[in-house]
Structure formats: C-alpha cells, structure tokens
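What follows is a single chain, given as structure tokens, in the form predicted alone.
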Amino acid sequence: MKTLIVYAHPEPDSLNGSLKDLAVSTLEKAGHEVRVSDLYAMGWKAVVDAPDYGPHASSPLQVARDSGRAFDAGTLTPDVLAEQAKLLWADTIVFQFPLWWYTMPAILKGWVDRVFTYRFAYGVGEHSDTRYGERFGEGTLAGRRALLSVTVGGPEPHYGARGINGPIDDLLFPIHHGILYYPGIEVLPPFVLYGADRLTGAGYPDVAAAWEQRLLTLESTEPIAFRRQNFGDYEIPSLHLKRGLEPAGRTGFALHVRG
C-alpha cells in the first residue's frame, strides 16, 4: 500500500508530530511505501492568488476557471503539481492535524484550496440532465481511501450528541464529505484523540497502541457509507435525496449516509 501523510502542525515535537512519526514507522514496518507532506516544514503557501495560474490568471481573478485552464495546460506551480502527483500516487491519504476553531488549521485548508483545482478535483465528468458531473463517490481520486487523525482539546462528552461543541461527526462532515468524498475518495471513520492538551506521558502508550491498531487495519476498515451522487439516491438536477430513503428520525448531515 502507498500512503501519503499530510501533516499540519507547526511544532515537530508536538503530540501531532509524534503521531505522524509513529504512522510513518508503523506503516513502513508493515511494508508500506510512505511519503509525507509536512506543510509547515515545506513552508507551504496557504493562499490562492494569481501567480498560482501564471499566464492563465484572468483579471479579475476567477479561481475555478483559471485553475482549470492552468491544470489543463500543465502550468500550475511546481509545488501544487507535486502534491497532485502525490495524491495520484497514493492508495491512502492520512491527514494528521489538530482541530482548531472547529476545523483544520489554515495551512491545511490552504493546501486543499491550491491542490484541489478545477479539472483535477472537481469539474470533471459528464454534466447533463441525468448526471451532474463525477463527484461524491466518483472523480479523479476515486479508488483511494482517507483517514483523518485529529487531536481535540476538549473531553469526548463535549463532542457527543448533546455536547456543547456538537457531534464530532457533524464537525468533520465538511471535510469528510465536502472535501474528500467530493472528488471520489472513500473516507474511513476518523481517529479522534480527545483531551489532547491534558494527555500525560503516562497516557501516551495507550494512545500509541490504539493509533498503531488503526493504521494496521486501514485496508480492512469499512469506509463511511456516504451515498453516491449518480447512483439513484438523488433527484437530478435538484440533487435532493429521494423521499423514502431516509432512515426514520434521521435528519441533517446523517441523511447522506446509507443505512
């Protein structure tokens, strides 16, 4: 298996850094090929701007159209092309990051903004009266798996069904469904480490053992059963879930998970 680890934390000696290093050693020991995109160490540019698209940048800038033109011409910047090549190389992508203000760090969002360009991660496939492009289960990155490894400051009850922060599955839905599943990546249930700021050295071995177990079962873990866009569950072109498919009492984001 070929695994890309996208790592976003400014401190190499952090808990996130330890989990990233453990992932590398565990997977390599199991015979996997591993590559790491350490965004802070790379000095990753986190903002989209006209220089990203060179001669294909319009004025005013139109990010979707211009990024697609640059992608088709092969003239995206070398850093973006390198990350797209890593995604095409990988079977599995592991994202290691802390949950900051209910989402990923800005540098990681900037990686998504710049790497997931039009014509690469979206804007592909047939658009017609019966299909709305290849996305949500189809697309350029179909056939790959992703796993979020997320450290969270608060205790687990704060992220439960009645917790003040909201259910963790809801908080991660925009990443799971809107960023990863959109271009076709199957998404595994996340590895969430709660109370990360309170973890002591004595507690780390248990965390490490649980993380190793998740890593060694990447290939056998069932992905989240998100509904595919073009396979009958949604009306086209409204993209509303067809009536009668929702499990009793289920609303919101959970409607888009089968079963």
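Note that residue numbering begins at 1 and tracks the sequence as displayed. Values in this document were obtained by computation on a predicted structure and should not be read as measured data.
Beyond the structure shown, there is the form predicted in complex with another copy of the chain, which is absent from this document and is the topic of what follows.
Contact with another copy of the chain in the model of the complex, defined as any heavy atom within 4.5 Å, is confined among 85 to 93, 98 to 106, 143 to 151, 70 to 78 to 98 to 106. Heavy atoms of residue 133 never reach within 4.5 Å of another copy of the chain in the model of the complex, leaving it off the interface. Residue contact check for residue 1: none of its heavy atoms lie within 4.5 Å of another copy of the chain in the model of the complex. Although the partner is absent from this view, residue 208 stays clear of another copy of the chain in the model of the complex, with no non-hydrogen atom inside 4.5 angstroms. In the model of the complex, none of the heavy atoms of residue 124 sits within 4.5 Å of a heavy atom of another copy of the chain. Residues from 236 to 259 that approach another copy of the chain in the model of the complex with a non-hydrogen atom closer than or equal to 4.5 Å are 237, 238, 239, 240, 241, 242, 243, 244, 246, 251, 252, 253, 255, 256, in the order they occur in the chain.
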